[in-house]
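Next up: just one chain, as structure tokens, the form predicted alone.
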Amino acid sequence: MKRKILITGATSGIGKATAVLAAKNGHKLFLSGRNQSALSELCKELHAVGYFAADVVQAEEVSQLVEEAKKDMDGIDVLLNNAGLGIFDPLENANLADWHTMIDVNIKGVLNVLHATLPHLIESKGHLINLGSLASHYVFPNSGIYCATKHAVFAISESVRTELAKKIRVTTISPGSVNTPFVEQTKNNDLLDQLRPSFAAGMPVEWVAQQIVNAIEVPEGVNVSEIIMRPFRPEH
């Protein structure tokens, strides 16, 4: 069955790769991100139904986004709640503003989009997909607050699944390192030099996108509640 999918953070990384694959598989797409020109280009490239530039931190913009998506697609079957960021630093050196930014985007942003979209997902007996991380389950050095935000994302997913298990599907996608520019928002240059090789050796975004689309396309009687992915580097 072809789905009507709203994707946040659609212009790069996992969001873009998922949009490309979902479009290839014939699903209807409504795309969102902060970069208007990139959204316009991607919408044309993928023949998406529409797009709306919005900052997930701004609740009024999110409300407009969701209403546009519902109107243009005549409903919303799937939300890929993908927008997020990480700024890494040892706790003792960290900038408080960076902590607030991660909380604003990774928690409040997720909640803003969820709150606006949830009634439509219930109406369509739809599917919520939140982008978690291995950091939803583990705490890593120099990334404690980021890990806290991703623990929150997992808890949000589980709360929706627990309360609305008979009304919508809920999936958390929890990848380990993925080869994207994700780490580049880190301002600590020494730490950035340490992190870049690990992310460069991470999974291609297409691998994560494939699992997201797989979760969307399962039979009607199945809900994939979480997918945890790690890079696999066998010894030679």
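It should be emphasised that the depicted structure is a prediction, and the values quoted were computed from it without experimental measurement. All residue numbers refer to positions in the sequence shown, first residue = 1.
There is also a form predicted in complex with a small molecule; it is not shown, and the following applies to it.
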Pick the stretch from 132-140, 154-162, 71-79, 90-98 whose residues have a heavy atom within 4.5 Å of the small molecule in the model of the complex. 132-140
What is the one choice in 34, 167, 196, 187 with a heavy atom within 4.5 Å of the small molecule in the model of the complex? 34
Could you confirm whether residue 54 comes within 4.5 Å of the small molecule in the model of the complex, counting heavy atoms only? yes
Can you tell me if residue 181 lies within 4.5 angstroms of the small molecule in the model of the complex, counting non-hydrogen atoms only? yes
Test of understanding: in the model of the complex, would residue 14 fall inside 4.5 Å of the small molecule by heavy atoms? yes
The small molecule contact in the model of the complex: residue 204, any heavy atom under 4.5 Å: no
